[in-house]
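Before any questions on binding or motion, here is one chain by itself as structure tokens, the form predicted alone.
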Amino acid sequence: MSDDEISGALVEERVKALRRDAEAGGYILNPDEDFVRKLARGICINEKRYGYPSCPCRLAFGRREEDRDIICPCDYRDPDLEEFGACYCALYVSPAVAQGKAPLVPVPERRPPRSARKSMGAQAGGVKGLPLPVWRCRVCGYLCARETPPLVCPVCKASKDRFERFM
């Protein structure tokens, strides 16, 4: 099957899954349906090519270990949403952007160069042995290891301000 042979049904299935997951996680997809379908098609193509659904707007290396940070939804989604109102590819947008109250602006690439990512694992800053700080939702106890807490708790939907640094 070539990239041109990605079926419309497969793309629609991906769009439904993206919407379901976004709603369950407290996120909003871009209100432009055609745009979302094009991105969903790109995700399907990348999943067929590489075996994982990498971001269609970034260059994947074809090795899951090197591309974990850009498997949709990518590691950069929340910082991009918080700072720019949209993720890098604009699949996810803030409420203000979705409602037309804020413009959709270009988002600079946050993904470090390949050479820098290899050395990032050595950085410390969180719980002993973990390279990232651990955040705890004060409402439900959900834990996650990342640079900043999520915008919305994936378990109880509490906002970012309800997280505390753990340990």
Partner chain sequence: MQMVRVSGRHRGDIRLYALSTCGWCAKTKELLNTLGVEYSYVFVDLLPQEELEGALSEVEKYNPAGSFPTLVIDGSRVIVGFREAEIREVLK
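Not measured: the values here are computed from a predicted model. Positions refer to the first chain, counted from 1.
Beyond the structure shown, there is the form predicted in complex with its partner chain, which is absent from this document and is the topic of what follows.
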(message) Although the partner isn't part of this model, could you tell me whether residue 76 comes within 4.5 Å of its partner chain in the predicted bound form, counting any heavy atom of the residue?
(response) no
(request) Indicate whether residue 114 is a 4.5 Å heavy atom neighbour of its partner chain in the predicted bound form. (result) yes
(request) Evaluate residue 97 for contact with its partner chain in the predicted bound form, applying a 4.5 angstroms cut-off between non-hydrogen atoms, and reply yes or no. (result) no
(message) Please determine whether residue 103 contacts its partner chain in the predicted bound form, using a 4.5 Å cut-off between heavy atoms.
(response) no
(request) Tell me whether 139, 152 and 155, taken together, all sit within 4.5 Å of its partner chain in the predicted bound form, counting heavy atoms only. (result) no
(request) Within 4.5 Å of its partner chain in the predicted bound form, which residues of 53 to 67 have a heavy atom? Give them in sequence order, or say none. (result) 56, 57, 58, 59, 60, 61, 63
